[in-house]
Structures are given as C-alpha cells and as structure tokens.
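What follows is a single chain, given as structure tokens, in the form predicted on its own.
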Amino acid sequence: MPLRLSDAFRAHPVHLCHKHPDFTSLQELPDSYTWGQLDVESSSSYGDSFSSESVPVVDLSDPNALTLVGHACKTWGVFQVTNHSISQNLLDDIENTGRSLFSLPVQQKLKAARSPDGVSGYGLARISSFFPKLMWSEGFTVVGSPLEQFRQLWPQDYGKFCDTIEEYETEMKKLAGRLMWLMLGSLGISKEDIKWAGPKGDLKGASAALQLNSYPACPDPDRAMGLAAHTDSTLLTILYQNNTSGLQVHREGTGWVTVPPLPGALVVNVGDLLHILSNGSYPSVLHRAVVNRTRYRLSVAYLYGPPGSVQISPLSKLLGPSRPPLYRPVTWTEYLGTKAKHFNKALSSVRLCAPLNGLVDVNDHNRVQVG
C-alpha cells in the first residue's frame, strides 16, 4: 500500500487505550468483550449444519466462470473459488506463518505493534474504535515488505517468514487481477475501459495489503464477537480461512449465512470500490467473524485496490438516461480516510442520489444488528 494510502490513516489515528490480552489465560469472557446474545441464524452458525442458502462456489476452470462470477457478485457480493492456481503448499505456509506469529508471547508481538496513525504491524482491528465492546481477535497487517516488523518478532529466522509473505503477495496479485477481469468482464467492461489498468490491462499499478487475523477459542462464543460487521474498502478481497467456521455474510431477506471452509477454496468478496465502479450493480457485502468454543481460527485477507491516487467512479458504459451515476468520483486514499471517519456510512457519504431499481446501498446495512 503506497505512501499516499498510509496518509489516509495518519489523518485518522486510532488510539485504543487498553492492554492486549493473553487470550489463552482467560477462562471467562471479560465484560469488556461481552456483546450480548448475537443475532445468529440457528441453521447457519456452528458445526456441520448450514443454512439452506449457501454462498456460490465457482470453479475458475469452468468455461462459464465469467457468467457464474457475475451472477454471484450481483446476487451475493461474495463467492468461493476453486481451481484458482494457488498451491496448497503456499496456503499451508501462510497459515503456518500466521500461527507462528500469533503464538508468540504478547510482549514479543508488541515489539511490532502498529502505531495509532500507522497501517503495518500487530494490533487490534482498526474498526474497534467504533464499538463499545472489544473483539475476540488480534491481527497483523502487512503493507509491502514485512522485513522491519518480522526482524522484531523473529530476530533469528525472520527470513523464511518474509519469503512466504512475498510469495503469497505475488501469487495473490496475479489471482486478484484475474478475478478483477472476470468481475468487470461480466459487466461488459473491457481492458480499454479501465485507464489505470495500463496498455496491456495488467493492472500493475494496483495497491494491496495483507491482513492476518487470529481468533482464539472463546469460553463464551455466543456472547463474543471475533470481528464486527463491516464492508471492505477494497475493489475485492481474497480470503483464506483455515478449517474452522467463523465467517458470516449478510444477505437481504435471509440474514447471516455462514461461509463454510472448503478444502483448498478461497473466499472472494466485493468491496466498496467495486460497488462504486459497478454503480451499485455489484453490492459490497456486509460480513463478520464469529468465534468458536473449542477451535482456533486463522484467516488471511488479501485487500486489493487501485492505485491510491486514481479517481474511482461509476463506469460510463454502465450509465444511461435511466441509470445516472449513484456515486461521486473518489480515490482509494480519500475513501480510506472517509471510512476511517464514518465507518459503514462511508459509501452513502459519497452517494450522489438514491439507488434506483432496487439496487442495494451499504447504507441499508445500517439497520442490521452488528452485535
């Protein structure tokens, strides 16, 4: 994530004035982590029983992948992908890196703590400042090279962990570009329509960050929250989750639906910037993470966006007399600052007019119970 994007956070520092807990030492749920009974669909929460409505799974080797991706974006805002070309060995390596990192003693992790106005490093979710209760999770954000922070965490063998992150970022960037063109292509958008994609349409100027999340086993999971409901400020996000359930997405008319971990699959969700580009046709999905009584959960999110200074606005091909632009142009840098200030109301704050034809705006999610 280039310097410009980091500037968005410098303008909105987050001061979370409490100690980072050692979750393994807590036998009871502290009051500061007690959210009350969660609004969880009984058929789509834990174990092997999932809602009859399930998030689409798209095989990227399917000749109809473009159509399937488009339908998933329009109807869900999220889908899982298989045959995505990311090796299982690399997924295992990134999971092992995350496990090694989060299993370090708290004082060791704090040596790589994220500063209040920073992006990279160890800490609690930035969105914590919008909620009165704390979340049962910890995270580590990687922007560019993690060398400086990893030297603090592993003075002796930081190199192998840096190599894993670098390889993962490289492969994820390729996959994100491929997914981006499937999503845009399903809207009838060509490489010539995206000026910042470059003459070859290779999206080389794209920005990204990597977010590792740890959700320890929780003594009272029904009253705790791993990560509160939010949308991503990205074009798209690619999520790897280990074999423990926890990710839930909100669907209009259905409620919260669990996205079960599928062996080798990755979760892809629409972010706010693609919501804007598509003029609301592809809604950014509200999602959250719940926790488990006995099982540890780890996830790794690849947050993909445009160059920080490029103006993102509804694509002209998608507009017409009966389809006016719903959003004003905004750069990712500016939007990150808006999100840091207004959280889930950020998208409606850049809206020009009310959605037409029943299109969903993230502002509609404000009535959804988030914990």
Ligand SMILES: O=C(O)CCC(=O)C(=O)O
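Being a predicted model, the structure only gives us computed values, none of them experimental. Residue numbers run from 1 along the displayed sequence.
Not pictured, yet referred to below: the form predicted in complex with this ligand.
Of the candidate stretches 225-233, 152-160, 276-284, 73-81, only 225-233 contains residues with a heavy atom within 4.5 Å of this ligand in the model of the complex. Heavy atoms of N213 reach within 4.5 Å of this ligand in the model of the complex, making it an interface residue. When this ligand is considered in the model of the complex, T97 lies well away from it, no heavy atom lying within 4.5 Å. Looking at C218, you'd find every heavy atom of it more than 4.5 angstroms from this ligand in the model of the complex. Interface residue remark: L247 is counted as part of the site for this ligand in the model of the complex, having a heavy atom within 4.5 Å. The three marked residues, L66, M180 and S186, fail to reach this ligand in the model of the complex, with no heavy atom of any inside 4.5 Å. The single contact residue among A112, L239, I86, A197, judged by any heavy atom lying within 4.5 Å of this ligand in the model of the complex, is L239.
Site annotation in the model of the complex: the residue of I165, A289, L101, A265 reaching within 4.5 Å of this ligand with a heavy atom is A289. Taking this ligand as positioned in the model of the complex, none of the residues of 308-345 brings a heavy atom within 4.5 Å of it.
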